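Next up: just one chain, as structure tokens, the form predicted on its own.
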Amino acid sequence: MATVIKNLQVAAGSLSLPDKTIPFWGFANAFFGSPQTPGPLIEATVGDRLTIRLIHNNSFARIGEPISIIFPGQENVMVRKIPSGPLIPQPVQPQYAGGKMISLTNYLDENVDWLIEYSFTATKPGIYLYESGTNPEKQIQMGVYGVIVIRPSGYNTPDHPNYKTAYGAGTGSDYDVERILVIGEIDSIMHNDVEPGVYYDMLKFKPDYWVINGRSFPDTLAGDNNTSQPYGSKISCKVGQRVLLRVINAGFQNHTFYLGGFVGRVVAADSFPLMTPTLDATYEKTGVTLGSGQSFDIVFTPTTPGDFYLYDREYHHLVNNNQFPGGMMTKIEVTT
């Protein structure tokens, strides 16, 4: 069993939409990372001890109001606040800031006001959100959320019974290709109007962009990169490969996610596997409806080559500022 350590900050940045750029808030890799949405992916294996540090850095572009993190689906989360001083025990290593090499230890002492340390043990496989626990109705919509993936032991060991499974042997979650899709929506007017530390009336919330991994179509088709929305959502696979879609709703609205004509088998709901040694409760669907915070793991096997589009069945969610096509849509490319 290992210890997984993730150092995070929350900062303000600029979010790229197909026809405009808007302000946003997001998690960043400390200490020199840029804010992004979704936040940095956190991966662990069952039995690992996760330590996630939320760092308040007085030289970083903070959001100007209190922040915290919650971990829906995790149990026995321990929390402690550490004041300024020598904060993070780790080897001194060179880091660059402003073109100058500095000591990480000195950087911490000079620039970190405090940190909140969250720790818990990964007890069961699944896909989970981590998100703002302070003014979440505003901060999550502004982009302060990310995903934790917990995998079964042996998932990356060939010949292990759990190899390339999402929930372990006998759960029907075997896969060849995996893609995590974090869906949600954006009210660009809200993003432009929000002021740090100032109350925002969420009754005014009216989304005009719908996103997968922080991007609206056609930006969803671009590959992974180093922008404020680093995770692409296009899926490439071959005929006969088992594709695992891990869809989780970080937004406020319900979304019916259509599988592009494929018949998928739902193998887990909210990170609870539906197949056990004594019961098979998996079922087939051509689309799934996700409420806020809900997740589904879906497996399907393409039988013919071609391009297939996954999208929100609410057709007014397939626009960017009322312009079609756009919104919550991506593509599966199936080759022979």
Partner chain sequence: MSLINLWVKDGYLSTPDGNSIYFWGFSKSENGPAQLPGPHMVVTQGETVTVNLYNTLSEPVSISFPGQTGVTVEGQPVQPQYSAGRLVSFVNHAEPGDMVSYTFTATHPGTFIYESGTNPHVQIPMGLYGGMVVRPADYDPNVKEYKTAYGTGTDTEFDREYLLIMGEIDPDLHQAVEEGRSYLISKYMPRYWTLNGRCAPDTMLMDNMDHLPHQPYSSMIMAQPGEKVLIRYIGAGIGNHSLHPHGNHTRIVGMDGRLLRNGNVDLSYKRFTVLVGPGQTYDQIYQWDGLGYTPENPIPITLPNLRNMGIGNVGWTMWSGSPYLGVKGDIPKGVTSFNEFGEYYFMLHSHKEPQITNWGEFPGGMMTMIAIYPSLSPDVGILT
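Model, not experiment: these values are computed from the prediction. Numbering follows the first chain given and starts at 1.
There is another form of this protein, the form predicted in complex with the partner chain, and it is not shown here; the text below is about that form.
>> Heavy atoms within 4.5 Å of the partner chain in the predicted complex: which stretch in 251 to 259, 147 to 155, 161 to 169, 232 to 240 meets that?
In response: Only one stretch passes the 4.5 Å heavy-atom test: 251 to 259.
>> Using a 4.5 angstroms cut-off on non-hydrogen atoms, would Asp280 count as touching the partner chain in the predicted complex?
In response: Contact check for Asp280: yes, within 4.5 Å of the partner chain in the predicted complex.
>> Against the partner chain in the predicted complex, would Val263 count as a contact residue? Criterion: heavy atoms within 4.5 Å.
In response: Result yes; Val263 sits at the interface with the partner chain in the predicted complex.
> Does Val319 reach the partner chain in the predicted complex, with heavy atoms at most 4.5 Å apart?
Replying inline: It does: once the partner chain is placed as it appears in the predicted complex, Val319 has a heavy atom within 4.5 Å of it.
> At the 4.5 Å heavy atom threshold, is Lys81 in contact with the partner chain in the predicted complex?
Replying inline: No.
> With the partner absent here, would Ser14, Phe31 and Glu65 each sit within 4.5 Å of the partner chain in the predicted complex, counting heavy atoms only?
Replying inline: No residue of the spot touches the partner chain in the predicted complex.
> Quick one: which residues from 313 to 332 get a non-hydrogen atom within 4.5 Å of the partner chain in the predicted complex?
Replying inline: Heavy-atom contacts to the partner chain in the predicted complex: Arg313, Glu314, Tyr315, His316, Leu318, Val319, Asn322, Gln323, Phe324, Pro325, Met329, Lys331.
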